[in-house]
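Listed next as structure tokens is one chain, alone, in the form predicted on its own.
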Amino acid sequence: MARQREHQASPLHAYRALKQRILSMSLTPGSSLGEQRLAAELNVSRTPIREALVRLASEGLVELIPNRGAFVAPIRTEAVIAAQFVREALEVSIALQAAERIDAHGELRLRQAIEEQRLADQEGRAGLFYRADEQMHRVIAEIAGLPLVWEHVLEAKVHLDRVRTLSLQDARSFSVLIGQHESIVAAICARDGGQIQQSLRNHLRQVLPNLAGLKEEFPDYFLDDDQHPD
């Protein structure tokens, strides 16, 4: 029975592990994804790796090239812009509903998330800041009573996340982002719909102005709509 559960869990384990490496840029665009090597690293057979790669390819994060193998897909500009649009539309609606439902406990959870971000900033830990950032947005969805909608946001923003990771890795301080988060939280706690929309849209659009600079700094990571891979 234990072996059966392990077998059933291994494709999901492989999928999650590989996706996390891609989104965190541990596996950069163009990286080769050899099944045998990945199977050894993740302590699974090659079959779960193959299934995970097919699933990631369906999400646009992996390219399966006949007679060559699997590779981490480039970051496509069009996909990043589309992801930002979808995320903004969903999260503004989520935050507006959170403002209608928030209570003292919800306010405390949001302020704790901000404190975790400050700690990450003080320690200069981009990974910790990223997790605290994600947690704040997740908490807003939970306060709104829409945790499943947050799962849709996570699915929609995968192409945006790699750009965000590059931006955070290059950041010397997260103080600007923390200030934006404080404005969002204050607006939700004040139940100020107009300020919620303004603060959240300003925050979520922060990545796009950095896109041109990141493409110039990491030209091999990106693929524009008028380009075609070899």
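Think of the rigid core as the biggest set of C-alphas that the two forms share within 1.5 Å after superposition. Residue indices: 1-based, along the sequence shown. Keep in mind that what you see is a predicted model, and the values were worked out from it rather than measured.
Here the subject shifts to the form predicted together with a further copy of the same chain, a form of this protein not shown in this document.
For residue 66, a non-hydrogen atom is located within 4.5 Å of a further copy of the same chain in the predicted complex, even though that partner is not displayed. Mapping the unseen interface onto this chain, residue 54 counts among the residues with a heavy atom inside 4.5 Å of a further copy of the same chain in the predicted complex.
Taking non-hydrogen atoms only, residue 58 approaches a further copy of the same chain to within 4.5 angstroms in the predicted complex. Mapping the unseen interface onto this chain, residue 50 counts among the residues with a heavy atom inside 4.5 Å of a further copy of the same chain in the predicted complex.
Of the candidate stretches 154-162, 116-124, 131-139, 103-111, only 154-162 has residues whose heavy atoms lie within 4.5 Å of a further copy of the same chain in the predicted complex.
Contact annotation for the candidate site: 85, 93 and 146 all lie close to a further copy of the same chain in the predicted complex (heavy atom within 4.5 Å).
Taking a 4.5 Å heavy atom cutoff to a further copy of the same chain in the predicted complex, none of the residues in 20-48 make contact.
Relative to the superposed core, residue 66 shifts its CA atom by 2 Å or more between the shown form and the other one. Relative to the superposed rigid core, residue 191 undergoes a CA displacement smaller than 2 Å between the shown form and the other one. Relative to the superposed core, residue 205 undergoes a Cα shift smaller than 2 Å between the shown form and the other one.
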